[in-house]
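The chain that follows stands alone, in the form predicted on its own, written as structure tokens.
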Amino acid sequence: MAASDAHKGDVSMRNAFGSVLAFLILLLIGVLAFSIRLFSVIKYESVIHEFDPYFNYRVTQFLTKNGIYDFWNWFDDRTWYPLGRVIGGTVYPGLTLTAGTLYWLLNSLNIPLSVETVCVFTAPIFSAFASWATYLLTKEVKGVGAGLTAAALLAMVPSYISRSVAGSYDNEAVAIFALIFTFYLYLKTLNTGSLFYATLNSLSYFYMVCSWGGYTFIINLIPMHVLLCIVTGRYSSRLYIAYAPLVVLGTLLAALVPVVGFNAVMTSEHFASFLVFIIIHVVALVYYIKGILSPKMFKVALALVVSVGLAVCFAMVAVLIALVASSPTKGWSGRSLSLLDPTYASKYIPIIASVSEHQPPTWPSYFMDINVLAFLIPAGIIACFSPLSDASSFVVLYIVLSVYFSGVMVRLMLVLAPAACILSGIALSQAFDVFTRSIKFQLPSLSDHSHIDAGDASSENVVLDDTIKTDKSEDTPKERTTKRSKKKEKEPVEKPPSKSQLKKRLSVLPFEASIVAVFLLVLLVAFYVVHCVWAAAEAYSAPSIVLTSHSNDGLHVFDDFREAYAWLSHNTDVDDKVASWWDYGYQTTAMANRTVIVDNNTWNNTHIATVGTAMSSPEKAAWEIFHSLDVKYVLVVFGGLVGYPSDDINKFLWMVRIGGGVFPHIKEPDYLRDDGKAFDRVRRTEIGKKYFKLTHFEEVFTTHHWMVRIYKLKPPKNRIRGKNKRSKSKTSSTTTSKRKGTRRNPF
């Protein structure tokens, strides 16, 4: 009795020590996830990156200054002139509300941080939260060890770092955390059958809807998993509790987000969840009837229920078809159709195809963004099948879909990263468990039977943890009590297994092979860590608004973008309109505080096509288009001198394609000819005319490295009234043009 009490005390002490150690490791993982994303601040400065984050930063400034009610009703007249934009109804507010809440909380605690500082560090903070959420999710699948490993992998994975470095103030900064946490709460509800976790799951899904349009991935993946469980005979009351409240409460909450609204029930991206909702109710009714009727009556009732269920499903399908029949895209958004048909955007919506994030990735980008995890994923999938549970089948389905979507659109590598880390964490944890157990079993100092029994018990608990977890939820309390009493009765009678039996049960590998395998796994992880640190420090830390290059004479910094925006801010009137390609709209509005014609929201294809037509038209036609839009300045980006590849010449064909999609007189073949002898350093090719003189535009500013050039529209010349003066002017101008041998300026 005393020995058993001492043994229980040792076990409880060991469990308490393991919990404290796991907590400390999680704390260090959070610090790692935060600190590895600070290279951009250390190497450069605390500045907002990229293009879209500048709009989010400007909206957050407005929110913190004017309050939430003015934010919902804000009509922005500095964008999409002369149309404007209703910000509250066209933006996903999750990121802005999160950063605004952090700002108010810190200032209420007398921590005087600026809005910009809060925006810069929001992404690193939520990357730590995402790592902890990954631990919780993986723990539900394969235990604590796999959870800690997966959390450490996600904290460093380059694919996630690329969108969460300090300064990357975009929707994905908080959305990836919301995505992982929603999946965790779904699996937690699935394992426990708790309505409390089901409610939290709906609230987490609501936060995801507020944060990112990628919430449609959740509302399609979870129904697919529910349908998979039903088809494979794994239906249970826990599955119903995990899914039904999510559809009802989650859809109602999603409809409260202005940018979503009735799209939560009217678009094809959400229809799968409703169909599975009907199916799971039919299956639940069948199981309920089976429990209260005799087998003979059950057959009759089954036929009736199935008939009614099919009729309801067909009626639902007919209603959905009627709702979307009037839409040319059948209720699908352009980006969703691009995922289902990778060629759709290039054929019909060039504005979507023109975005670099929407292009399919290359094979090297997988090694760049997830590195060695690509080789560990298959091992993780195999580990999920031994044994297969509801949670592990969800992870397998998650990785399959995310691999497909990441292969269609490079931006969705971000969705693949958590799944890759979860499966790689499972694979590494299982591999280390097998190899270290083999080493421990064969060490001379641990050859005693007492140590072997303890090691066997602990390892067996780890291996069979998922099986016990799965089985215990199915057992009734009475059955569990019976099993415990039987186990207690059998314990004194059982004989300790022999060493040969233990070796066979544990599948012990040779000692030398285990040592080599552990060394190789450590080497693999070390290679992953080195690659992740390099990617964070060099590949993904540079802000796009400040460019750098290395040469023999040292580091060169190109700060031309901010130089151009500062010139616009200080040398133009507040109400002046600036035209540029849509990539630079957000930055121009946020940094120069000037009205733009188009920006990165790309909601109006005709307006963007108008600007594209102006950019690809002759000077006089371009002047007329810009003048009709009340434009005073035109901003163009030129990288031919310093070797900047993402300039307007590189995007020129997209201007032609988008403009030609609306205005048929713009044809791409007209711009694909070689008729000059000038050299472009970026594209390393000869281009057209070198020497020309602008008639309707004048250059007013060029940055230090010629990257940004600003042109001003010349005003139209006054017309001369009177027939004689007009004819005299015509004669003189004709004579002058004949003398000079040039075309007459109509203005």
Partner chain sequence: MPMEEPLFRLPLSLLLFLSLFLLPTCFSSSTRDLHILNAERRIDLTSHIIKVYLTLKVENSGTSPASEVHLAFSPAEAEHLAIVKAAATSGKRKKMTYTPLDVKSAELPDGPNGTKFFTVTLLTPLNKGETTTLEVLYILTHSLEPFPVEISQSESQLVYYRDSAILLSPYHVKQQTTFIKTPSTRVESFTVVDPAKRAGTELKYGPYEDQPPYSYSPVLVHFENNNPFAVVEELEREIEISHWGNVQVTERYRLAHAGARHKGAFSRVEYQTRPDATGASSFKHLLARLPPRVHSVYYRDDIGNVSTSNLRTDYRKSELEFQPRYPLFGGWKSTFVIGYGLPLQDFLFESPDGRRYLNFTFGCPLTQTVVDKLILKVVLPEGSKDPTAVVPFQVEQHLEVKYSYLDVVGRTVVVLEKRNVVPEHNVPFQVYYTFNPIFMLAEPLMLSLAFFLFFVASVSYLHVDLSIRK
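Residue numbers count along the first chain shown, from 1. Please read all numbers here as calculations on a predicted model, not as lab measurements.
Keep in mind the form predicted in complex with the partner chain is missing from the figure; the text below concerns it.
- Relative to the partner chain in the predicted complex, residues L113, E116 and T703 are all within 4.5 Å by at least one heavy atom.
- In the predicted complex, T436 stays away from the partner chain, with no heavy atom inside 4.5 Å.
- Contact check for N571: a non-hydrogen atom falls within 4.5 Å of the partner chain in the predicted complex.
- Although the partner is absent here, M591 sits close enough that one of its heavy atoms falls within 4.5 Å of the partner chain in the predicted complex.
- Contact check for A566: a heavy atom falls within 4.5 Å of the partner chain in the predicted complex.
- Here is the short version: of E668, D559, E538, E357, the single residue with a heavy atom within 4.5 Å of the partner chain in the predicted complex is D559.
- Among the residues A322, L523, L109, V231, the one placing a heavy atom within 4.5 Å of the partner chain in the predicted complex is L109.
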